[in-house]
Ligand code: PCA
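Have a look below at one chain only, the form predicted on its own, in structure tokens format.
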């Protein structure tokens, strides 16, 4: 809270220095429901910027993939179709394997470790984004990822043939290595996909399952703490460079507060949403020892594959992270 107070004080001073300008509306597409904590954090960030700039920049959020689908948001910001957006970068590993650093199974399985991994990776990710005409503002982690199933599962053998919702390379590969059938489904389409039998399982946080009321279709959530991926908010660099320094400072201050608040929400939301799944009728429990061991072995395979794809930069991130342990 002391950090928030300092940021707020700094922002207040910066706001007083900002020079009113012709008002601009910046549409901010987001992939997740308006009630999701990432979307709530993004909306507050937008209000902070609008207030801090005296209305010179009005940021309007568009959750649930209503403006652009999740997979299209990053490209829309890069090309200037919108000025700003939020995206799960691990969904773009096909562009650059480094984007998948936060989805390497069992590398960082707690919030503390996820923070250290982000510290190790941030300079490299910022550089890659800069090369794509994107300027990073803030990043917020999801709660630890667990496995959802319609029916009880106690081992990898029980997963064979199950239709599995995937959202990036890591989840697709996890499905292949467990014998499940990957089906690409955006977050906004999860509820319908489970209700209609398009998919019967997924790996995700308790937050996603709670937001989408997956207990209406699924019955089991196994806590495996596979990884903690991040959502990233970035702006088109040309748009960023068109702002004066005072406005940039306001936006940076709001971004710092958003990252702090979003991370706090993620931590608080973890227990709340798991209880919400239980209240909805789901069985929420740790994975069996057998399943944990089998998943760890699969995780080692996926880690090796990611390091091969990510090259020297990927190895440097992992080495730097391990050096913080």
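Positions refer to the first chain, counted from 1. Computed from a prediction, not measured in an experiment: that's the story for all the values here.
We do not show the form predicted in complex with the named molecule, though everything after this point is about it.
For the chain shown alone, residue 229 is a contact residue for the named molecule in the predicted complex, at least one non-hydrogen atom being within 4.5 angstroms. Using a 4.5 angstroms limit between non-hydrogen atoms, residue 32 touches the named molecule in the predicted complex. The shortest heavy atom separation between residue 164 and the named molecule in the predicted complex exceeds 4.5 Å. Contact check for residue 142: a non-hydrogen atom falls within 4.5 Å of the named molecule in the predicted complex. Shown alone, this chain has one stretch from 155-163, 122-130, 74-82, 199-207 that lies within 4.5 Å of the named molecule in the predicted complex by heavy atoms: 199-207. Interface residue among 174, 187, 233, 117 relative to the named molecule in the predicted complex, by the heavy atom within 4.5 Å criterion: 187.
Of the residues 108, 134, 88, 218, just one reaches the named molecule in the predicted complex with a heavy atom at 4.5 Å or closer; this is 88.
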